[in-house]
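Just the one chain here, the form predicted on its own, laid out as structure tokens.
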Amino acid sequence: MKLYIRATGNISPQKTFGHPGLLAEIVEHSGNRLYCVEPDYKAFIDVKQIRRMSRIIKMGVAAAMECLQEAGVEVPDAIVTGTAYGCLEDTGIFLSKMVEQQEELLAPTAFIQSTHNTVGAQIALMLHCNGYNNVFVHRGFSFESALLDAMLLLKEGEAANVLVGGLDETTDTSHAILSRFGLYKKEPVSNLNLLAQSTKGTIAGEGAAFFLLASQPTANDFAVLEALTTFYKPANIQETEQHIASFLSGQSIVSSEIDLLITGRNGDMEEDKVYSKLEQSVFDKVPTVNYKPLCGEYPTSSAFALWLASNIIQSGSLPPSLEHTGNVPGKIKRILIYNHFQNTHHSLLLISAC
């Protein structure tokens, strides 16, 4: 079933909030961690509430509110979010206090706000939305699972529009822990030069992107999400190619009919081998853009990719600031997003013009 993307809202390490112009200027970050460019939240959230919200809650709520304002919808029929890590800042605060205070006299606020459904619940409370509200915590499939749930809701007629979001944050504690597993580069690197580094690891990222999806088209829709699929731990590159070929065949298209491929290449020498091999086989004639130098690596980064694809489709062309390979057509009408998270969670999203 086709999902019509009516509006978007995105807070990311780039200047994406408020639609200032599609990546007119790329923000450069140095190190091995990207931080979101955060707006003035007072335009979307009451000052008294802001003081009680952690950073990821403020980011999620503001991105959702911008999305709804753009769509002209006060209350969505349903809210579905996807997050792998949840509210890490509050989790860290609660666990630290538990140790420091020897599990005595613990304030419950940080624990209450540390759960994965906090952002979706906070949005619903602010909007007085009493409809369907769900959150998916499926690691690298969290956002894709949220999209699938929205698709089912719309197909079954349970909702006419659904607010869907993907969000994750990086904190000092989580970054230190994940660094021990060798996920991030040890040496400082610029995100603009990330893909030129043939070393192990990538850069940490974060973000909150929301979309209002509808079952019926309007004149102002950004794009159409035609199909999506996921597959888990392919045995080899041949199996990955088979999944991609099967997905394209199911949509009655071939790779040469794709105007642009957006990949999750992240600068890790081992993980990027998958993309390199596919660009020499299945996607050998498809122009390509890599989105993770813009937002960094995190489990729900495909939400940023969907935001990018939707805005490129709406504008019809690629922003001059984005580096690409291959010959991009003058009018971009069909985009395929292919991403994998740690070569375990693989996803494909097909987006087209309305």
Partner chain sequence: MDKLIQDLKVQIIAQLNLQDVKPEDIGDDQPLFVEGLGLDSIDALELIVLLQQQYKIKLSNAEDGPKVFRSVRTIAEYIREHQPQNT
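Everything numeric in this text was worked out from a predicted model, so none of it was measured. Residue numbers count along the first chain shown, from 1.
The next section is about a form of this same protein that is not shown, the form predicted together with the partner chain.
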| item | value |
| --- | --- |
| Touches the partner chain in the model of the complex: Ala196 (any heavy atom, 4.5 Å) | no |
| The partner chain contact at Gly72 in the model of the complex, heavy atom, 4.5 Å | no |
| Proximity of Leu192 to the partner chain in the model of the complex, heavy atoms at 4.5 Å | no |
| Partner proximity in the model of the complex: Lys285 to the partner chain, non-hydrogen atom cutoff 4.5 Å | no |
| Every residue of Leu278, Ser281 and His324 near the partner chain in the model of the complex, heavy atom within 4.5 Å | no |
| The partner chain: the contacting residue among Ser246, Thr109, Gln238, Ser252 in the model of the complex [heavy atom, 4.5 Å] | Thr109 |
| Options 50-58, 305-313, 31-39, 290-298; stretch whose heavy atom lies within 4.5 Å of the partner chain in the model of the complex | 50-58 |
